[in-house]
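Shown below, as structure tokens, is a lone chain in the form predicted alone; questions about how it binds or moves come after it.
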């Protein structure tokens, strides 16, 4: 196999399958199998790509053999291979787990649902793989449009309102991004990321460049749900179907964060980043997100809404780490992206299991689950404690390296903030643990675990958090030299 085809194959597996699924409308049960097969294909090629790029190599794929800057380039390096592997793996686990909930929530729309899922995953992979700013916009919009549809796919009519709100805010974010790209194109005459980075170094900072950079960063901040641009996120995560929220929550914001970091470091560059004072601004927004997201999470009664505000807090933590301008903190942020995606997938699958089996979404009803779902709630405890940052679980290590990076950057106040973020996370997750395990059970307890696929997937993610915790130092040292090359940071 030609290695240069790997980026295209990662994308084509879900994209081409999305075109095939509607032809099986008479056999709806086949749609999930085809979706899983496509995601397994993307995972395989992502793993193959990581095995090639894991030593620092880069795979280039030129559309139509038109080399940049005239043609569109797709690029697979260590970071993009790492992200595509994460997206395809988690998408596979979620789709395998939620087959039963899709049957219940999308009874007459399974074919459209799985078609949209495949297009959504394909567009996320396209965002990760492309090395062209306008091509990234195209995939950004496809990912957003499919996300709007997924949010509205369930039986909860409030999902339609949440989807429309998401559409309005998301359209504003996309418009800011596209205008920013237009300004940078006017200044440089190119859309290829590498070519634009070289030309921006030659041009320096002008009003056009400043405006373009500002608009792009605002647009991506809206897309990732960074406080205070998070207005779409709580309702979208809460009112989407359980299967859709378990897919969108771990992946959508992480890919947007990846795009943000990719553009800032690989296109805008550290010198411009420092000159414009973007780092301190990100630390301010990150601090506000950590505190505001945690407080709002503590105030929630609905479990999925608590998880939504928790995501806002942890997005703030990742952006705080990036804003520090320290490589240790940045690799810690990438590690936290990996860990948080796995933790949040596990927690949303717990929410799906509790609601599907017992109709419970209110935190104060979790006492009814005591003894009924031992395996699911054990997985919940592992994921929740990992979110808090309890060693040796995976969530501890991302926060630890961000804390160390804060100290290395000479900013101990942010190290204190990392500790504070863990304490705030403990407040709202221990509230759920208290309701589940320390309130009296008023009725006879019989074990009523969720569907087998949900239990297996949630348990696998919990075990994965233990494994990731064990290998986290090795992943950090590997990533320190490869995820962000020395020439970039």
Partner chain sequence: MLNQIVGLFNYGATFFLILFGIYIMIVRNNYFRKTIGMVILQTGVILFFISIAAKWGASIPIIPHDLHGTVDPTLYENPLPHALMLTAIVVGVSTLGVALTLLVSIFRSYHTLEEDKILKEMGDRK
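Here the structure is a predicted model, which means the values were calculated and not measured. Residue numbers count along the first chain shown, from 1.
The same protein also exists as the form predicted in complex with the partner chain; that form is not shown, yet it is the one meant from here on.
Comment: the partner chain is not present in this chain, but in the predicted bound form one of 163, 313, 115, 80 has a heavy atom within 4.5 Å of it, namely 163. With the partner removed from view, the residue among 100, 292, 172, 276 that has a non-hydrogen atom within 4.5 Å of the partner chain in the predicted bound form turns out to be 172.
Put simply, residue 152 is close to the partner chain in the predicted bound form: some heavy atom of it is within 4.5 Å. Taking the partner from elsewhere, residue 134 is found to have a heavy atom lying within 4.5 Å of the partner chain in the predicted bound form.
Interface membership of residue 167, defined by any non-hydrogen atom within 4.5 Å of the partner chain in the predicted bound form, is confirmed. For the chain shown alone, residue 270 is not a contact residue for the partner chain in the predicted bound form, no non-hydrogen atom being within 4.5 angstroms. The stretch that touches the partner chain in the predicted bound form, counting heavy atoms within 4.5 Å, is 179 to 187, out of 284 to 292, 179 to 187, 399 to 407, 335 to 343. Contacts with the partner chain in the predicted bound form, taken as any heavy atom within 4.5 Å, map within 131 to 146 to 134, 137, 138, 141, 145.
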